[in-house]
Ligand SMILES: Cc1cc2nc3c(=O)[nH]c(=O)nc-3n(C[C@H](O)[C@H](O)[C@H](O)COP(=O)(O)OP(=O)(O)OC[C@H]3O[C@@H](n4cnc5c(N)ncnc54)[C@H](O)[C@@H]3O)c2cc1C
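Quick setup: one chain, the form predicted alone, written in structure tokens, and binding and motion questions come after.
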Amino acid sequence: MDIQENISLKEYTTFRIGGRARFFAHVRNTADLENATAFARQKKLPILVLGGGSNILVADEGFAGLVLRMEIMDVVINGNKDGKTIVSAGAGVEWDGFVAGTVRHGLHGLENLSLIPGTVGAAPVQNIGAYGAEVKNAIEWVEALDYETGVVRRFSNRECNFAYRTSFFKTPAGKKYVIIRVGFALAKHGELATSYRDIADYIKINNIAQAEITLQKVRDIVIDIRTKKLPNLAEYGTAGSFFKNPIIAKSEYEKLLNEYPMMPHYPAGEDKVKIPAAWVLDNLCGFKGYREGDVGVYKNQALVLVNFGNAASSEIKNLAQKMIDAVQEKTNIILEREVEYV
């Protein structure tokens, strides 16, 4: 396979920020992946796996190793299990296109995750979630290659060790695996999830009758909500939601409620609640629409940092830290990043 050298990574990330990769390979099948990782082992190079480049911030200095651009594009129906249809997709398949296909085939399970940027291979890594759904609830298995040994392994859902915006593949032991494809268990006659506040409010405001709420309608609603809330990637450089929603003890939340009576929350397990980070960043810290030169916060969503043109990665990092510090000062909560620094 062709290993390229000194390739700019700006064009391969949605932030449109970053220096050059020392080596770069387009991975279109398992053989390409095996050859590329063998090259990295021979040269003792670190590896960076790129899908849609939507959840990373690449340093201005670039990456002094081998970047693998995952372009494995197969989508296959693998039969049925326990009343569900098993559909597998290659790591390079564009996520929203895959979701659209499952909806067209009447398969429930991914519709609330519509319009999330990126590729199928990235979905399990951080257990993507939105509007009351997480991808862990649809994943049957994950096939991945150990780039240190060249051995391919299939992980069950349980072995992926999914949690809020994380998985085994984000741990030190899991980072040596490159995801090849993912198998999903989807229901032909599933239950539609419309109770999440944004979706429920949308249905109420737009007077949508219960009989109108189909699988495709839920997808359309999610797309409309996300389109109004998030920037157009054709106009702005962004990695989407930059921070996780913090999960804190219920007792901590009750103390904060004395000071901020309007602070919303969601249940997050026994004696824990999830706080919407966007609400804190907007209502308590005033970051929505904030701008410093070519970096800023999107006007419609305080969780989204934006490159308005020629921002440097260091400028994004500085703004992110300013936001973290402001939230900690107001609430004593320390925000965690969703976006990975490379």
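These numbers come from a predicted model, not from an experiment. Residue indices: 1-based, along the sequence shown.
Below: the form predicted in complex with the ligand, not depicted.
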*272, 154, 175, 217: which sits within 4.5 Å of the ligand in the predicted complex by any heavy atom?*
175
*asked:* Under a 4.5 angstroms heavy atom criterion, identify the one residue in 126, 102, 85, 88 near the ligand in the predicted complex.
replied: 126
*Are any of the heavy atoms in residue 54 no more than 4.5 Å from a heavy atom of the ligand in the predicted complex?*
yes
*Indicate whether the ligand has at least one heavy atom within 4.5 Å of a heavy atom of residue 116 in the predicted complex.*
yes
*Looking in the predicted complex, any heavy atom of residue 70 within 4.5 Å of the ligand?*
yes
_Residue-level question: is residue 230 within 4.5 Å of the ligand in the predicted complex, judged on heavy atoms?_
yes
*Answer yes or no: in the predicted complex, does the ligand come within 4.5 Å of a heavy atom in every one of 49, 122 and 165?*
yes
_Contact stretch among 154-162, 177-185, 74-82, 247-255 - heavy atom within 4.5 Å of the ligand in the predicted complex_ = 177-185
*Taking heavy atoms and a 4.5 Å limit, what residues of 233-253 are near the ligand in the predicted complex?*
233, 238, 239, 240
